[in-house]
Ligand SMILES: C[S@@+](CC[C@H](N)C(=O)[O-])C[C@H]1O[C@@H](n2cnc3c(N)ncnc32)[C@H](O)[C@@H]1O
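Next up is one chain by itself, shown in structure tokens, the form predicted on its own.
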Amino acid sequence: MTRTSIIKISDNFDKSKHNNLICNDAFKVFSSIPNGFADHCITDPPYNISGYDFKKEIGWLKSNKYWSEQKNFNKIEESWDKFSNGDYEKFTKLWLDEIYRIVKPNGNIIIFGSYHNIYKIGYLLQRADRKIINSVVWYKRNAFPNITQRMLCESTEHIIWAVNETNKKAKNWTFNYNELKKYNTVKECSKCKKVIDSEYKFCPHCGNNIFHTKKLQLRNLWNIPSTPSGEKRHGKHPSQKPIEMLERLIVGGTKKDDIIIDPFAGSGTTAVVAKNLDRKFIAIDNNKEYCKIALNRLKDGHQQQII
């Protein structure tokens, strides 16, 4: 079983192993992975928040002790997240081309992003004639406020769910419709059959107080808090995603024993959830510290939240 397999950090891909946690540059690893070896890709690539063209410093932040000290605000300033706009597009196209090769035809390609990069990724997927089946909006109800006070508070991230095939040929991709319904359980009035919010004790439409639970199709707006501190007990990553987010994607877009590749694994959330759900993974990251965090999380039986 996937859960009990021994996991170690390696330098390169080994197709004889069920799970690969690889600490290396993804472009050095890609060439050793055969065509069509993975069933799906789920990944959270660099957003280029740290270094896009014409990026400006938040000058007054240096003198504003309320945000820098009391609120512990830190900008994302990571070397792996700094590109010029042109270099970022080239970088994204290169890794996507490798994913098109490595993932089987009609496998899912699921990519996280923010407004900084998601439109670029969508453009490149469309230019490659890959079928986009969904966009998911992640509403982070406890998102950090916008400290510049010159724009709306950015409290969402985005996910593009695409299929590794052309629009004309795409078919039979994995989408576990019924399994995803468990994430959208609602209250239904037993008398008037209206769906109501969970906090109501009496139906606002007819006054009835007897309800049934009902599972509805999952919508593409996901109200999930930012990553809880308990999932960061082995160390912090500046863009770590919550387990609940990856559960929905892996439950909905993969099957047991499927192989999921994540070329930008970070602290390993995709690998952790894949392991707990009896999927296999190829998790790659070039940062040794993040790979150690991922390894410790994979060994930690408490890093589970499987429904």
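Start at 1 and count along the sequence shown; that's the residue number. Everything numeric here is computed off the predicted structure, so don't read it as measured data.
What comes next is about the form predicted in complex with the ligand, which is not displayed.
**Q** Is P46 one of the residues lying within 4.5 Å of the ligand in the model of the complex, judged by heavy atom distances?
**A** Contact with the ligand, yes.
**Q** Would you please decide whether K131 lies within 4.5 angstroms of the ligand in the model of the complex, comparing each non-hydrogen atom pair?
**A** Contact with the ligand, no.
**Q** Hey, in the model of the complex, does D14 get a heavy atom within 4.5 angstroms of the ligand?
**A** Heavy-atom contact with the ligand at 4.5 Å: absent for D14.
**Q** Contact between N19 and the ligand in the model of the complex at 4.5 Å, heavy atoms?
**A** Result no; N19 lies far from the ligand in the model of the complex.
**Q** Within 4.5 Å of the ligand in the model of the complex: all of S114, K140 and I160, by heavy atom?
**A** Heavy-atom distance to the ligand in the model of the complex: none of the three under 4.5 Å.
**Q** Of 253 to 261, 33 to 41, 274 to 282, 240 to 248, which is the one stretch near the ligand in the model of the complex, taking non-hydrogen atoms within 4.5 angstroms as near?
**A** Contact criterion met by 240 to 248 only.
**Q** Using the arrangement in the model of the complex, list in sequence order the residues of 20 to 43 with any heavy atom within 4.5 angstroms of the ligand.
**A** Result: N24, D25, A26, F27.
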